[in-house]
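Starting off, we have a lone chain in the form predicted alone, written out as structure tokens.
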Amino acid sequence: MIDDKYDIVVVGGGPAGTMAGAAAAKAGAKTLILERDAVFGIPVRCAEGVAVFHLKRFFDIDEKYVAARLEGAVLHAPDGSEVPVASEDFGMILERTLFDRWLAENAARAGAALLTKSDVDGLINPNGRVEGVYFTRLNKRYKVKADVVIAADGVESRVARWAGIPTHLKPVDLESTYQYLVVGIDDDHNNIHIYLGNEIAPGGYVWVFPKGKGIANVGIGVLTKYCDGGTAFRKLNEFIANRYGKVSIIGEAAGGVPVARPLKNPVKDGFMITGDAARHCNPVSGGGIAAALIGGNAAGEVAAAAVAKGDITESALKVYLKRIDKDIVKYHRRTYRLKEGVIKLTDDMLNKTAHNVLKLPPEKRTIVNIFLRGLASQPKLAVDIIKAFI
């Protein structure tokens, strides 16, 4: 049964949305999560990699949604040089179909109501103040009021635009991505592999994220500033043909990934934005799972506290910005500056960086040292590098 009024309505059932819904419900708020697709976690538009400590921050890890645990990472320069990266935690590759469903179950157990096949197609916003949503489910349109609406509807975020918050992305701040789930590759399945080069992936990179022996997510991200609509698809097929030859593809997905600064103000009276919709993706890697968990949880807790106090004004909801300042806002602003430096690197500069790093002892081949050497011609970025990765 769908009620006419909720304390909090969350639009979007990805990790940010379900984390927000679970946190709000746990805090005692009457919460509804609306998901447009038929099943939580499908389709998968993600490379599925995440660091272990980000998951442990919120819950015990259940191996049922873990496809592979990783030992390390290898960066591949344009000339073929391979640089193993030293780190204590390279994390894991998830089964997002199972992980997202588990997060939805977690929200339901916390007391949130969840609906699939529910397409939000408008906001209740008299005089510019958000007071709820309109959505269509099974050919029937509903009007549901809410004290706070949380937009977690992904990179396109129609809901944020309807609320009057501009979310337009410049070509330099959006990557076009394409990914295959590939079976039958004879490749290292203990490490992630990142392939760099302006010929391979203009403004981005190719990734090979193993999900077990002989199976991996093989994908590409290219900066839209440097490509047209079909570049990602074309470049990925070229890479696979050159690297693996003939393979079996059992899944594929395409999409856009924001590599921008976080939104300056993702809140207004009765309204919040989180996850990809708030531009909470790492501007260098494009990774968004960790920020979705952190930001979604914070949004849900802040919204529930605001409702309980009877103050859902923009000033009250701005506590959310303080909650995510260190982990998302400051961190992603620094990595955005690094992205601006990285996209200036030529293939020759990438090759020289690889050669210089390979001269270091294996334990010194860290992400920090790779960036320091790669961006040595841009010394102003040194502080950002150190603060971003230490």
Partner chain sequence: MEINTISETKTVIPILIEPQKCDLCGACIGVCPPDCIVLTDHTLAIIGLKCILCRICLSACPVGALEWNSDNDNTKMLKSVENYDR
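Predicted model, so just to flag it, every value in this text is computed and none were measured. Numbering follows the first chain given and starts at 1.
The discussion below concerns the form predicted in complex with its partner chain, not included here.
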{"query": "Contacting member of 133, 208, 291, 232, with respect to its partner chain in the predicted bound form [4.5 Å, heavy atom]", "finding": "232"}
{"query": "In the predicted bound form, the residue from 181, 305, 200, 155 that sits within 4.5 Å of its partner chain by heavy atoms", "finding": "155"}
{"query": "Interface segment, criterion being heavy atoms within 4.5 Å of its partner chain in the predicted bound form, picked from 106 to 114, 76 to 84, 189 to 197, 164 to 172", "finding": "164 to 172"}
{"query": "Its partner chain contact at residue 36 in the predicted bound form, heavy atom, 4.5 Å", "finding": "yes"}
{"query": "4.5 angstroms heavy atom contact with its partner chain in the predicted bound form for residue 255", "finding": "yes"}
{"query": "Residue contact check: residue 125 to its partner chain in the predicted bound form, 4.5 Å heavy atom", "finding": "no"}
{"query": "Its partner chain contact in the predicted bound form: residue 119, any heavy atom under 4.5 Å", "finding": "yes"}
{"query": "Members of 276 to 305 lying within 4.5 angstroms of its partner chain, judged by heavy atom, in the predicted bound form", "finding": "279"}
